[in-house]
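What follows is one chain in structure tokens, specifically the form predicted on its own.
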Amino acid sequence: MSAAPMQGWRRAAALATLAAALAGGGAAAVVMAAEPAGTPPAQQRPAGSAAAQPAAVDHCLGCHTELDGPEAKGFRTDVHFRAGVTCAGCHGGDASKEDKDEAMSPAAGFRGKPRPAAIPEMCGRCHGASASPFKTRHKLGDAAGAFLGGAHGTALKGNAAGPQCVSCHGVHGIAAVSDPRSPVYPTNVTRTCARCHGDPAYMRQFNPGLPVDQYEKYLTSVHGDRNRKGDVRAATCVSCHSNHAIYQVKDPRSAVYPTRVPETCGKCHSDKARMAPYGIPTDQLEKYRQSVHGIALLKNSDLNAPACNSCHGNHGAAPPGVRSVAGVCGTCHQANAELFDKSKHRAAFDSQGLPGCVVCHGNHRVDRPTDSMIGFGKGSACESCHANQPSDPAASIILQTRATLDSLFAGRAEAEKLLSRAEQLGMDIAEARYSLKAVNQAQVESRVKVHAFEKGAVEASAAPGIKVVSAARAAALAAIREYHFRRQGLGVATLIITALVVLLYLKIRQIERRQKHEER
């Protein structure tokens, strides 16, 4: 430490001593007098570290302040400074030593500027798994452990240029997350993430296949729009991906792993208090869980089943507009969407402002479609717009379409029942049963063609299947008749044989009686 700064430092200390004496601070004032202005009270310094030792003076901060160092200026605004952490808390050394060599001696634990890869471990001395009164007082969790176990920690282990604590939180001027100055404050955090995730050159070092347009997409989302307007409740990157325990999407521990996406979205969208200001319903998650999509994903673990982001998008999340619903559903149900777009219903729905597919199938509570949706009565989707009356020209088309489907599906069920009966009777019906496999294609196509809303299209698709079903049914009935014919023939033959046996027995007895008579 040079002589000039030290002289200034001592003058400041003397002035502070005088001020404390004038204020009648007594012994406490003496301690204050020995510390530079802004030095945190000793009793607030963290335990378990060099900073935990009650240093009467933080000579590090005092000297660097005299040197007009930016680190010292920044640190005086740092949340750690206000919490009582000294420079030695991170950099090691002995802040009570006025002599530079003694203060920065390796023997005193001086580490200097830490290597990037060593920063998580350094921060983890307070923000790690170990317990201390300081951690308890400030309610600190194991952020370092979560970070090191996550994707960012893994990236850092493999590449020293990887992200670490200061990449997001800054250094020397670190502000609390609740402080608008913080890079991880809700309205700042997306830009902070984008500093790396929007940099193709940087991201290529770790995951060349990862898109780098997430921030631009986020700005187009409802979340991004609200966040840009200063809404701190709007979802940001950390709302979905977490903050320290961030995992790759393909990792089942990730909050955005396919089977966890509904739960992650539901954290906010099922929260009535949180959604109240936006007037958004909060029953989407519960409805989704009961839907055919939710059952496939959450109960059957079908990772191809759609989750919230499949329809709403992820980074560019937004509710589908009325016109785009069919397109969104068509991402998976392509043939259905194409038929609907060419149908009369498309224009009719558009003219009434109806959002396509969801009018019949619902949105979050999408049940497995059944043929009962076509027709009138329980489970009917047609009934919401049409009436089973002569005045409605669509009524006869609806009923004929339903009849065609019943001929195919109910006809197949009846044919299979008859074939099973014949099989139980011991008849060979293998060929007829195998032929029914050809009906599968007709069943799928005819149900898809329903979305053309033309009975002719359904009839054309169902016709080959109905023909096979009729043939299988006829084969089953023939086999059953054959069984009964054989059974009747067997009965007659049995009677004849029995009669012959009786006659033979009687004849033998007659012969025996005749022989006995002749012997006498």
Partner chain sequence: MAHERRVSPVEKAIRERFDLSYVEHMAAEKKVPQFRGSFWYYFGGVSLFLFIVQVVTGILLLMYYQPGEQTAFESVRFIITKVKFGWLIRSIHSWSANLMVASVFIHMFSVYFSRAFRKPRELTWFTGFTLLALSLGFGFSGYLLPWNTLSYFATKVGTQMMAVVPGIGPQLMEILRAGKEVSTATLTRFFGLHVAVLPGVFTLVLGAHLLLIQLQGIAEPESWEHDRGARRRYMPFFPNFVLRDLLLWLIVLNVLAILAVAFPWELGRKVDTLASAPAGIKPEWYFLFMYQSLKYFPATVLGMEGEALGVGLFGVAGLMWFLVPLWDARTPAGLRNRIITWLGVVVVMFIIVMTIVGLR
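Only the largest set of C-alpha atoms that superpose within 1.5 Å between the two forms is called the rigid core. Remember, it's a predicted structure, so these values are computed and weren't measured experimentally. Residue numbers count along the first chain shown, from 1.
The same protein also has a form predicted in complex with its partner chain, omitted here; what follows describes it.
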(message) Between its partner chain and E482, R487 and I508, in the predicted bound form, does every residue show a non-hydrogen atom at 4.5 Å or closer?
(response) yes
(request) Among 196-204, 135-143, 339-347, 422-430, mark the stretch whose residues have heavy atoms within 4.5 Å of its partner chain in the predicted bound form. (result) 422-430
(request) Answer for T494 alone: is it within 4.5 Å of its partner chain in the predicted bound form, judged on heavy atom distances? (result) yes
(message) Relative to the superposed rigid core, does D428 relocate between the shown form and the other one - that is, does its Cα move 2 Å or more?
(response) yes
